[in-house]
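One chain is shown next in structure tokens, namely the form predicted on its own.
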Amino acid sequence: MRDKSLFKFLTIGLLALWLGIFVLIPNLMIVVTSFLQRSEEHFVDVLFTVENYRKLFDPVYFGVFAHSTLLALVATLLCLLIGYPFAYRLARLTTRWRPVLLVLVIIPFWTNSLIRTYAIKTILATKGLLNTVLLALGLIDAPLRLLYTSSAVTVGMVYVLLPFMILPLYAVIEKLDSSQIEAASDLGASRLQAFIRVVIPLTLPGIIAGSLLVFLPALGMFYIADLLGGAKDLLIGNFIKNQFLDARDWPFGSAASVTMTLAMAVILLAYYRSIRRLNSGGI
């Protein structure tokens, strides 16, 4: 009994130590730095200020946050529109084909997302695969300018984040009780009415979870915007990276990081409360 208690204490202690050193302390340093001033010699001066947070409301910087949020919302919506039908069909397949398609969904996780983004860049380039095929088929007379646009950034986000939408949806849809859908049909509901009034409410937790798993990473995936959008599509992740590495304004970059973290925390809190209401039958 004493050995089990000692093992439990060591396990929890090591985990707490790891999180404290590599998670808590770095985040506390970022919070503290966000209230300091920039220094050309030492990166920061130990002088308290809230000017870094005030600068975030400047129209230029606020526009970056708004543009990044819009692109993340568009990518989330596209992932939902593509992922929901796929997850629904996947959950309704026979046990023979379901594992095969699940493996195909999971396979992208075996490759680094940066490498996959380079693959998309190769496809969308002026002399890339897509333009080559379209020219060969005679559908276009000149190569289309697809790369370094907002559309290319959106395509890259959807390509990288789509599995994060499919898997939560599949987990929820697989547990659907088909008798409830049959009961709706027996009561005179059409397939569309049964889908809207029965299936969607029952799968709402998966929709919310998948949307969060896509939306939150999409806000900070700076390398996708760098590779596919160029300098025109500056997202929150790119903005924070530039403040630390290029502008060397660590306090301002820290303030942007803290603001983004707080925004994500608010979204997660809203998700937690919505799930509680769903489980209690409040919706």
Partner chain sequence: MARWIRNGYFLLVYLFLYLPILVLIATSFNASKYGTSWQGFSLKWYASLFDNSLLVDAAIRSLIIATLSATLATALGTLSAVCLYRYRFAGRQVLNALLFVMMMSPDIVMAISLLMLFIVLHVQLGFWSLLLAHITFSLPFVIITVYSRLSGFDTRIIEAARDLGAGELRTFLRILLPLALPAVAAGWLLSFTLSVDDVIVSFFVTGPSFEILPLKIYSMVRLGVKPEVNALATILFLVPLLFVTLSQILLRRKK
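Residue numbers count along the first chain shown, from 1. If you superpose the two forms and keep the largest set of C-alpha atoms that fall within 1.5 Å, you have the rigid core. Quick caveat: nothing in here was measured; it's all calculated off a predicted structure.
One more form of this protein should be noted, the form predicted together with its partner chain, which is absent from this view; the next part is about it.
For the marked spot (Leu77, Leu167 and Val198), a heavy atom within 4.5 Å of its partner chain in the predicted bound form is absent from each of the three residues.
In the predicted bound form, Arg276 stays away from its partner chain, with no heavy atom inside 4.5 Å.
Interface residue remark: Leu70 is not counted as part of the site for its partner chain in the predicted bound form, having no heavy atom within 4.5 Å.
Among heavy atoms of Ile120, some come within 4.5 Å of its partner chain in the predicted bound form. The closest heavy atom approach of Leu162 to its partner chain in the predicted bound form falls within 4.5 Å. Note that among 154 to 162, 182 to 190, 204 to 212, 167 to 175, the stretch whose heavy atoms approach its partner chain to within 4.5 Å in the predicted bound form is 154 to 162. Scanning Leu146, Ala194, Leu135, Ile82 against its partner chain in the predicted bound form with a 4.5 Å heavy atom cut-off leaves one residue, Ile82. Of the residues in 9 to 41, those that come within 4.5 Å of its partner chain in the predicted bound form through at least one heavy atom are, in sequence order, Thr11, Ile12, Leu14, Leu15, Ala16, Trp18, Leu19, Ile21, Phe22, Val23, Leu24, Ile25, Pro26, Asn27, Met29, Ile30, Thr33. Taking 2 Å as the criterion, Thr261 does not count as shifted between the shown form and the other one: its C-alpha moves by less than this amount when the rigid core is aligned. Comparing the forms between the shown form and the other one on their rigid core, the Cα displacement of Ala270 stays under 2 Å.
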